[in-house]
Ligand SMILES: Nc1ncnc2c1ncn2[C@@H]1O[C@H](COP(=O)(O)OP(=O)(O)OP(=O)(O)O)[C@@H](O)[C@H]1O
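Before any questions on how it binds or moves, here is one chain, the form predicted alone, in structure tokens.
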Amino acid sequence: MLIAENIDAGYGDVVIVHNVSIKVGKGETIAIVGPNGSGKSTLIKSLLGFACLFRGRVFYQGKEITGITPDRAVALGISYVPQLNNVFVNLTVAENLEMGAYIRKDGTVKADIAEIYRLFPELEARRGTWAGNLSGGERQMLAIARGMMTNPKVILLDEPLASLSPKSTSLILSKIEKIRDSGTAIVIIEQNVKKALDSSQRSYVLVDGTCVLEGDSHSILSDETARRRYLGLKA
């Protein structure tokens, strides 16, 4: 669904990501993990025009989209959910979902909102609540739900588990699994390494802007050397 080859990316004239390649297929979840400052978010942002793409090529469904703008990426079917400022706090839950479909011209928005509520019944119960009054877990569910309102084929989630309680973390991961099972390709950038690897099929480990390890997530998680050297986990 989405392939990035030999990406150099950063901001201004500063290169943060060096020669990184990733790919994600239909109905697959991949995780991009690594320490703070390793370039995880910069990599993803560069694919959509939020950060500078200095070198490399990007393909979506077999067609090159290198240098695409964010609005065009959304129109094609690529959704991005940032870590911060990912909901409209002065709008209700229902209004946030409606805003998520602002680019759509079809007549199925109401039906899709109903489907979102089936996936996120917790949000339906709070549909008239200001987003700013939601709990952390509810707000993150709303951010993901709003990202799904464009009917994406690929959704990029930047730190979806940040600062969440264990209960909310498990709930969010269960929603992500259901979205993946529907056929959507998912890319998760996450500091919670163990949860990210447990919930993905393949992973990429970034250190200082370079991919130092990639492969089957469970194999990486069970590799004692990788756990100690790159993941900050106990052997």
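Remember, it's a predicted structure, so these values are computed and weren't measured experimentally. Start at 1 and count along the sequence shown; that's the residue number.
Missing here is the form predicted in complex with this ligand; even so, the following discussion is about that form.
When you look in the predicted complex, the only residue of 46, 200, 38, 184 with a non-hydrogen atom within 4.5 Å of this ligand is 38. Though this ligand is absent from this view, in the predicted complex it lies within 4.5 Å of a heavy atom of just one residue from 20, 16, 24, 220, which is 16. Proximity to this ligand in the predicted complex holds for all of 11, 42 and 159, with the criterion being a heavy atom within 4.5 Å. The candidate stretches are 192-200, 63-71, 28-36, 165-173, and the one lying within 4.5 Å of this ligand in the predicted complex by heavy atoms is 28-36. For the chain shown alone, residue 83 is a contact residue for this ligand in the predicted complex, at least one non-hydrogen atom being within 4.5 angstroms.
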